[in-house]
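Given next, in structure tokens, is a single chain: the form predicted on its own.
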């Protein structure tokens, strides 16, 4: 067993400022869901690939496991309420959230600062998380004047 204090490790991880994303997919039942995640990274330009991670204890894991597609919506500073909504356990459905549908059928938030519509290229077991690697089928950016929503030391921050 590790002698690492999980709370202290979480605090150390919190020193790294991250963007905030809304990851979306559609389940086998046809219902669109979303979840807030800050474990997102670019991987490759050729082929275009990204990754994100989901906790194995997430109430949304089974829906992502049954889907072969997902979309990453990099949230803008004015999306804090959206981030909070989808960070909570419970009803993960996209009901009442303005969105569009792109190639994969996953919901995308039109005024997100960046969007990546992806096919699942790989899933990797990684401790208490699963790493999803996505092949980008379509991407876009908006001119949202708010700039990106960022997270640091357990809270939202401004980059302006």
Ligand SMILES: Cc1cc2nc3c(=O)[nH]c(=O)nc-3n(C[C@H](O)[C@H](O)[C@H](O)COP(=O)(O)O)c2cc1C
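Positions refer to the first chain, counted from 1. Just so it is clear, the model here is predicted, and its values are computed rather than measured.
This protein has a second form, the form predicted in complex with the ligand, left out of what is shown; the following refers to that one.
- In the predicted complex, the ligand sits within 4.5 Å of a heavy atom of residue 58.
- Among heavy atoms of residue 41, none comes within 4.5 Å of the ligand in the predicted complex.
- In the predicted complex, the ligand lies within 4.5 Å of some heavy atom of residue 129.
- At a distance threshold of 4.5 angstroms between non-hydrogen atoms, residue 118 is out of contact with the ligand in the predicted complex.
- Proximity to the ligand in the predicted complex, defined as a heavy atom within 4.5 Å, holds among 113, 94, 50, 54 only for 54.
- Heavy atoms within 4.5 Å of the ligand in the predicted complex belong, among the stretches 32 to 40, 118 to 126, 99 to 107, 131 to 139, to residues of 32 to 40.
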